[in-house]
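Next up is one chain by itself, shown in structure tokens, the form predicted on its own.
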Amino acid sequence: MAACGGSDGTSPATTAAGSASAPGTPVTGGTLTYLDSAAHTNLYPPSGGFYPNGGILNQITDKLTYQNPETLEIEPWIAESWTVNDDLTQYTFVIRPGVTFSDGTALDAQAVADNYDTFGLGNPDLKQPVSEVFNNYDHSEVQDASTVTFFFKKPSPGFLQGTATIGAGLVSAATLARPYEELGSATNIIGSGPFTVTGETLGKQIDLKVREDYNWAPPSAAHQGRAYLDGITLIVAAEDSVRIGSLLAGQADAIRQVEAYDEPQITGAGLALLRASTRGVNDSIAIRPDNPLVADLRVRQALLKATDSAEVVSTLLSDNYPQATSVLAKDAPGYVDLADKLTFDPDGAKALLDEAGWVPGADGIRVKDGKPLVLSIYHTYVQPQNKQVLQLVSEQWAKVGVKLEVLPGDAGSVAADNLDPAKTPLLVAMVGRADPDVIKSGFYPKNRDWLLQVGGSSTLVQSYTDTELNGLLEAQTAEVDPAKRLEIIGDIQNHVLDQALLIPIFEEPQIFAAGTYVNGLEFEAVGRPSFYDTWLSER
């Protein structure tokens, strides 16, 4: 990742890993005011994939291992060491001594086992779901107070990286004992991280306080001991102008989700603009073939050809958002350049629609068997300028005779409708993780199930299933040979585009901005902020 400007020698500047530099001698003290664009939803660690959730969990929980954001290598953290058997079905970890949760209980081998049994198997009684980062999990066995072994039904090559993800944040027994719905309150999350939650106004503000006795940061961290900050005040500010205005006025110290049109204000004011990659599936439109309007491969291929992602990037975004050249981002493990399958070709789109029997109607919208080719999609506030992106795609599709309705909606109706392929033939899709398993998270029926398949997340699907795709997804999660595993990841990307199941548009990073006096602001491997090494110099 490249620096995005704004560094004046005292302000944070991105490095190749997207972390902030920290010139000068760190000082202890002060409270950082951090503005996020959205409130968290639920802080059950496997729900940490939603960025506002992960941004909190990354301050209050630790992970078994640490993924170096520069090298992507897995390093020790709460686990001092580990061994893995040859067929990747058994992983044994030695737990660092002296680590405690903020309620005083020990983070020992039993605590790790209890966490992972919950994340790997789920807890139906408490409605806690299975984590999408744990594949083929079977059970744990505690060897002694500091040693735990995890067993898998089949090889699980992605497990070690999974132990470093937000979704594997370790929490106390008291937190694991709470029903899923109670984990929506941050005050109920007891972790071993460098900060603890001291107060919360649900949906508006969370107050974090430093743990004075914290002394178990990853060995490769810039420092050991307590975090430099005394605390963090996290405020939800949905309006872009409020976040930007607060930062420019000095009322906020750091903000997340700087839209492309606001970047010049940040750099023009000499503030730091920070880009952190998410290393996963690109910002895309997923297509649900169970909907009869898009069941024909030729129609899906036509939508792919009718989408001009270069125009989206040049019109609405900035250099921080590269045009997608595959299903995965360029820095995602297993990326294959498939740009030749994403060529903008409106004439080709029209020919395919003609061939499929969709003919232009009097109003320009194509018609077949008396039905217009009208598709709909809900825009989301989570992805960058998503409404504007979809509206531009709508204009592009209109030129080949397809009407795309971009819908607003409250969270409840959107969640319900997105499970019905008859109502929602299209879905905004994106997921980050620095491991090949990320591609399974999006498409597999028992994970996010973007395509909506039989046996997946919805009971409303009539018949659609993709056995070839599912077989490839399962095969890569159990492939012991790293090279063969990446070959399968390439096969998956080719299959998804050949079947026109996804329209990748752009690579989606996380964009932050901070004051010139904010030092040591870092990011984990897929862009969640880490304030452990952050310190404030004089303004």
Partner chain sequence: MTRYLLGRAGQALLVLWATFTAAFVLLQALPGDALLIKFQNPELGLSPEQIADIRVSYGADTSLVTQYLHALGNFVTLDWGYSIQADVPVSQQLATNIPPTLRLAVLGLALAVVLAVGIAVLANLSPFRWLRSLLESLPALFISVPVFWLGIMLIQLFSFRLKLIPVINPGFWEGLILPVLTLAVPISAPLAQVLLRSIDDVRTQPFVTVARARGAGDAWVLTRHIGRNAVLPTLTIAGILLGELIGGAAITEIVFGLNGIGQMTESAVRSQDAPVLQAVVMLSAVVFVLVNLVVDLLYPVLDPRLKSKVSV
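Numbering follows the first chain given and starts at 1. Not measured: the values here are computed from a predicted model.
Beyond what is shown, the protein has a form predicted in complex with its partner chain; the following relates to that form.
S.K.: By the heavy atom within 4.5 Å rule, which residue out of Gly348, Pro155, Pro218, Gly184 makes contact with its partner chain in the predicted complex?
M.R.: Spelling it out, the residue with a heavy atom inside the cut-off is Gly184.
S.K.: Taking 4.5 Å between heavy atoms as the contact cutoff, choose which of Ala415, Ala177, Ala422, Ala310 touches its partner chain in the predicted complex.
M.R.: By the 4.5 Å heavy-atom cutoff, the listed residue in contact is Ala415.
S.K.: Is it the case that Asn494, even though its partner is missing from this view, gets within 4.5 Å of its partner chain in the predicted complex, heavy atoms only?
M.R.: So Asn494 does not count as contacting its partner chain.
S.K.: Would Arg448 show up as a contact with its partner chain in the predicted complex if we use heavy atoms at 4.5 Å?
M.R.: Close contact exists here: in the predicted complex, Arg448 approaches its partner chain to within 4.5 Å, heavy atoms only.
S.K.: Against its partner chain in the predicted complex, would Asp410 count as a contact residue? Criterion: heavy atoms within 4.5 Å.
M.R.: Close contact exists here: in the predicted complex, Asp410 approaches its partner chain to within 4.5 Å, heavy atoms only.
S.K.: Looking at the partner-bound form in the predicted complex, is Gln251 within 4.5 Å of its partner chain by any heavy atom?
M.R.: Heavy-atom contact with its partner chain at 4.5 Å: present for Gln251.
S.K.: Just one of 395 to 403, 70 to 78, 455 to 463, 97 to 105 has residues with a heavy atom within 4.5 Å of its partner chain in the predicted complex, so point it out.
M.R.: Checking each option against the 4.5 Å cut-off leaves 455 to 463.
S.K.: Looking at its partner chain in the predicted complex, do all three of Asn42, Gly49 and Gln205 come within 4.5 Å of it through at least one heavy atom?
M.R.: Looking in the predicted complex, the three residues Asn42, Gly49 and Gln205 all sit within 4.5 Å of its partner chain (heavy atoms).
S.K.: Does anything in 219 to 243 come within 4.5 Å of its partner chain in the predicted complex by heavy atoms, and if so which residues, in order?
M.R.: Sequence-ordered list: Thr233, Ile235, Val236, Glu239, Ser241, Val242.
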